[in-house]
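Single chain ahead, written as structure tokens, the form predicted alone.
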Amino acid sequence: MENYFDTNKKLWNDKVPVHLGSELYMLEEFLKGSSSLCPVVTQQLGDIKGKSILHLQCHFGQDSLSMARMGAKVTGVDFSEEAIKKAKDLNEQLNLDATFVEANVLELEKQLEGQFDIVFTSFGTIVWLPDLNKWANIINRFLKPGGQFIFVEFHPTINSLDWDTGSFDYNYFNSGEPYHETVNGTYADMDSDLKGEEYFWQHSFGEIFNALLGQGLSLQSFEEYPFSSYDVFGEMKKIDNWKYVYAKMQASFPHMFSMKMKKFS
């Protein structure tokens, strides 16, 4: 398992400089005050002023810092040392008070203490994790009683698509074994010279819900969306601000989902 994480960590370290200069992340606009959070996320978060938030798999911290700008006390976590280094630099540059921790999310209890009002994660996170039971245990461990887990993610259906062919070439269900692929480019810049390897896992809704419900968390809301808030896949077309759909499929189908869960004790 360590080999999987080490390989992925190297790739994500290499992605950081490419993503910093990409149009997708719009770093210059962000530094001038724009938020990196899409409307679906801000709607799910609501008023977070004064709340403590643990942001899992935060990459180089844009979303964490956007939440800090909204008045939250944010701790961001990522396993990429290059991403965390840049997140800390941005936090200092913007004179914010977010905290960033370099850690594998599945081993977070070794490097972080305390509990939070909200645990948050979004977009392209759980595909890098082999064990959602351990992930759910970490979420529960760091949630205060009465706290919320807020999750916005790409839909398992869209993760099953081969973007070039439009066919469902990846299993919907997690076999326990990862997919292993060679990477050319990155979702933020598909024409970049970035090359590497990655391991990832598919996770069904049954696996997601059972892991979280198994921790005693209570479902408060669940939504599916017929669009992606980001142009991060091949063959996408823009239909509105913050809304993109897969152009090769004529029928409406889910691209993202969101959920809120609450810890009562």
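Position 1 is the first residue in the sequence shown; the rest follow in order. As the structure is a computational prediction, the values presented were derived from the model and not from experiment.
Beyond what is shown, the protein has a form predicted in complex with a small molecule; the following relates to that form.
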Exercise for review: Can you check 127-135, 90-98, 158-166, 68-76 and let me know which stretch has heavy atoms within 4.5 Å of the small molecule in the model of the complex?
Suggested key: 127-135
Check your understanding: Can all three of Tyr25, His59 and Ala103 be found with a heavy atom no more than 4.5 Å from the small molecule in the model of the complex?
Key -> yes
**Study point:** Contact residue in the model of the complex, chosen from Asn174, Thr186, Ser80, Asn140 - any heavy atom within 4.5 Å of the small molecule
**Key:** Ser80
Review point. Taking heavy atoms and a 4.5 Å cut-off, does Phe151 contact the small molecule in the model of the complex?
Key: no
Exercise for review: Flag Glu198 as yes or no: does it have a non-hydrogen atom within 4.5 angstroms of any non-hydrogen atom of the small molecule in the model of the complex?
Suggested key: no
Review point. Is Phe123 close enough to touch the small molecule in the model of the complex, meaning at least one heavy atom pair within 4.5 Å?
Key: yes
Exercise for review: Flag Tyr246 as yes or no: does it have a non-hydrogen atom within 4.5 angstroms of any non-hydrogen atom of the small molecule in the model of the complex?
Suggested key: no
